[in-house]
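Provided below as structure tokens are two forms of one protein chain, presented individually as structure 1 and structure 2.
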Structure 1
Amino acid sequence: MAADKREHILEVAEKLFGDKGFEGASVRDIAQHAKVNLAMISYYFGSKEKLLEALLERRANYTILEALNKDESISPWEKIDKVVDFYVDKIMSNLCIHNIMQQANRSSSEEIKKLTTKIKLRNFEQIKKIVTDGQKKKVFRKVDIELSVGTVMGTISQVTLARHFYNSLFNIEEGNDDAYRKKMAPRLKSHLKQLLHAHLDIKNEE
């Protein structure tokens, strides 16, 4: 029962942080919408910052990338394709949490910035392992891994945040997130996989 209540608070907080931003949504707002008292939020999380931390950790999905890294039954190319699928699906199926991450990056709170950086670094290290493993196996060429990951994440982020532009470009109904995902996710996955295959292929070593 306690776990259900905690989950409910996190779900409400995610919606409010997504709509109003971290600084725009108060703990009182969250308590009112979750139909709990302020003391309960304090009991489970301690502070609004710790509530956000729990929310972001809940959505970080570290274990998926860690399991992918340990799977020796699939090739480095298949792992790269799965990373693309994972991030496109993860971000485009939950635009709310992506908005929260973007807002947290712009927060005036150093504690919040450190939290989002910690999550990104942990995920980055898993992707870096996949690329370096492919390099050791003479499948991938030497590349700037940090900026390569930045290129992929930046592209996903741009397509996610610039929905109004792409709705106009591809004649998608404004405000229909489901239609947007169905139209853009396959196209984005295909583009990023082509980009990474050309970029990483050791046959293209200069």
Structure 2
Amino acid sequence: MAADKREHILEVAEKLFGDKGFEGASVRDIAQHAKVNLAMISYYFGSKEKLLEALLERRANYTILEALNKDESISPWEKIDKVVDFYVDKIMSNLCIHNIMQQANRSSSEEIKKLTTKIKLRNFEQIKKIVTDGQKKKVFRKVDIELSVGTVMGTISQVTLARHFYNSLFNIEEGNDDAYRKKMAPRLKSHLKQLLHAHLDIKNEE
């Protein structure tokens, strides 16, 4: 089977699922935009739901965080900054897949729920290690790690999900993905870094 055709379907599906949601984007939509026959999607992936699973698995990538974690030459503060850079870039350049993951929990299938939860848990463990390491080195103070990670992910999510709101707030033209990213990504990075520095700094311990 033509692997690039399969790949092409995945790319189109990612865009459409991200834009319209899983139920909102029809198999016919995807086939039409990918310029493939409708039946090819069942043929390649088995079902619409399996297509989503393939999509999620393709994007799950933990290696960068794991490498960052093992690197002893980088200070905890630098690691935090790199995590912020990594996530802002990753999420903002894959707005679609992130939207999908965020709303995957309501899209029926237990398979999908488990898969997305697994991906999130695995990423979380990596970040948790960075924070606890900084705490051991008496650089970070004690914080609610689970919710601190939630704050980072939530802030980025908010900026990607509530795009319409921020477009209207910052007078960015609607629909221009690149303009939005260029404007928001640096701003998001410096905000999150500043926020985390104040939040984690052991000097601000109460």
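Throughout, rigid core stands for the largest set of C-alpha atoms superposing within 1.5 Å between the two forms. Keep in mind it's a predicted model, so treat the numbers as computed, not measured. Numbers follow structure 1, counted from its first residue as 1.
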Can you tell which of the two structures I gave is the form predicted alone? 1
Superposing on the rigid core, do we see a C-alpha displacement of 2 Å or more at Lys20 between the two structures? yes
Would you say whether Gly46 is displaced between the two structures, judging by a C-alpha shift of 2 Å or more on the superposed rigid core? yes
Superpose on the rigid core, then tell me if the C-alpha of Leu195 is displaced by 2 angstroms or more between the two structures. no
Taking the rigid core as the frame of reference, how far in Å is the Cα of Ile9 displaced between the two structures? 4.9
